[in-house]
Every structure is written in C-alpha cells, then in structure tokens.
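First comes one chain, alone, set out as structure tokens in the form predicted alone.
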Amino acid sequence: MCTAATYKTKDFYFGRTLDYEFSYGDEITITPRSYVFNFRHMGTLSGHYAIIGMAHVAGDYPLYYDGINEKGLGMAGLNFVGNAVYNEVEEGKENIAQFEFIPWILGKCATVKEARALLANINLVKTPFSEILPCAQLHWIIADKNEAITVEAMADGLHIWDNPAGVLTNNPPFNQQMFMLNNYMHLSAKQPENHFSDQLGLKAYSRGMGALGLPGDLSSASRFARVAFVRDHSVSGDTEAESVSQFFHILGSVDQQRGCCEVEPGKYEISLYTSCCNGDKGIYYYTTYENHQISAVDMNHEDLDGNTLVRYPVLQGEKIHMQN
C-alpha cells in the first residue's frame, strides 16, 4: 500500500510513501537526457527530458516507482491489485509495457496537458520486464504545478480521471475514492457548532473536534480521505525548508508503523520511504523508516546531458543529534 500527494506553495511539490514488507533495493536514480531507453515495442528513445526519482535498477534499467522530470512533471505508480488489467500488443497504438510507463511519460512530456495528449493513443501492455520481475498491478498519478490526473488501466479500458484532490492511494478505483469523500463533507479544521439539538447545551470538550470522524486506520480508502483532508488544510510558509517540512508532515499522517499491518505471520508492511520532489528546482528529498533525517539529491548538480545513470544509495540508520 502507498500514498501519493501534491502540494504547492511558491514551488510545486510531489511525493509519496512506499509501504511494503520488504525493499527491492531502491536507489535515487537520475536518468540524463542522452540515456538510451530501449522500449520493448516502441524502439529506442535517446533524447528526452532528464528524470530523477526512486528506482530499482535492474540490468542498468531504472524501474521507477516515482519521479519528476526537469520540466516539473511528476509521476508515481501505486499498487492497484485486482483491478489493473494490461493488454496485448495492438497495431496502430503506442504499445508501452507497464514498467516503461513512467519513463515514457516523463521522458516525453513537460506538462499534464501534454501527457493527456500522449495518453490518447497509448496501449499499456502486459509484457513483463523479466521472468523474475512480472508486471506490477498499478495505477498512476501524474501531476504538475497546475493540475493532476489519475490513470487506471482496467478490464473496461483505460481511464483518465481529473484528480482535484491531488491524492492517490490504492483500491478501490479512483472515482469511487473521490465519491467516498462525500462521507466527510461535514469535517472542518474549525471547532464544531452544536447542530445536534437546540434543546441540549452540547459543547466541544477538546480541540480538534471539527475533524471528528476522520478515519485513522491504514486502509487505502481511509488514507485517501485523511491525506486529502490534511493536504487541503495544510498551511506553511513559502520557503523551501517550511514547504518541504510541511509536505513530510502531510504524508506523515499516513505513516505505517511496524506491527500495525500484518501481511503474513511475522511480516509487517511499513513505510519504507517517503519522498518529496521539488518540481521547480529538481530536488528529490526523502526519509526512510530507519532514518527520519531528510536527505536530498539535486539533479541539477549532475551532468544532465550524459548517457549513463547516476545512482545514489538510500541512506539508512537513524540519525540522532545529541545536544549535550
């Protein structure tokens, strides 16, 4: 399970949590403009926008979980198990394998508007990366500073939803997630007024009761509602430090602690990492379950005209600053 969100102050921010019971060996990976993507059904792409994000690199190929490109377009794939359906190759279509989708969009598009146009002729196919890395069942959020969309490949076709909430989790399908927000329209960041009865002198007995009823469990529907509420009401300054800090607090509202989500005996899903990308500056910030200190990689400190991947290991181990 995972949660993705957007946030905007002076700059545009995009990121996600990756919640799972183990890591595939993730790295912050920069794909420069001249790295050659060899697509399974669409030939090669040797000139494209530079990309930075979190990826598992297999055979020198970046299998991105999430990322942004140098133009400020962000994209993340989140689990959509039981609903994701990919197709056979179809003549006349742009046949893109599931694992190629993020580099195809981020490599070619500068905005969500351009991504929409590219999606008009796309066919997401079920070609696996390899025998040991089959197709992941995913759906995606694509966002820039102006708008966000959700893309879902299902049995009844490819759905492209406007995403005004700027949030994505997992099941059920996105349109159902948005509909269920109607259940929480009465919530507020302000203290509640007594509408229960004009005969009873009911009073708020604690701060924060305007959001009484906001779900607190770890299910994807509850995480969707909680992050949508927290994001919508978030207030921060425009500085980079304030904005980045607030973004991590937004996604911190759905942080998963070891022991609370058992997937099988002795195995627990946790928030392996949380990311925050500044789409305007090309900086990828992250924390991990074992390291809450914010680390960062700036794509503009690298040679973006190169042709080889630039990889940084994820820093693990808690960093504690002793003051005495």
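What you are looking at is a predicted structure, and each value in this text was computed from that prediction instead of being measured. Numbers follow the displayed sequence, beginning with 1.
Only in words, not in the display: the form predicted together with a further copy of the same chain, which the text now covers.
With a 4.5 Å cutoff on heavy atoms, A110 does not count as touching a further copy of the same chain in the predicted complex; it lies far away. When a further copy of the same chain is considered in the predicted complex, G72 lies well away from it, no heavy atom lying within 4.5 Å. Among residues of the shown chain, L45 is not one whose heavy atoms approach a further copy of the same chain to within 4.5 Å in the predicted complex. In the predicted complex, a further copy of the same chain lies farther than 4.5 Å from every heavy atom of H41. Here is the short version: of L119, A97, L218, I149, the single residue with a heavy atom within 4.5 Å of a further copy of the same chain in the predicted complex is L218. Residues H186, Y286 and M322 are all found to lie within 4.5 Å of a further copy of the same chain in the predicted complex, as judged by heavy atom distances. Note that among 233 to 241, 102 to 110, 141 to 149, 126 to 134, the stretch whose heavy atoms approach a further copy of the same chain to within 4.5 Å in the predicted complex is 233 to 241. In sequence order, P164, A165, N171, P172 are the residues of 152 to 172 having a heavy atom within 4.5 Å of a further copy of the same chain in the predicted complex; the partner itself is omitted from this view.
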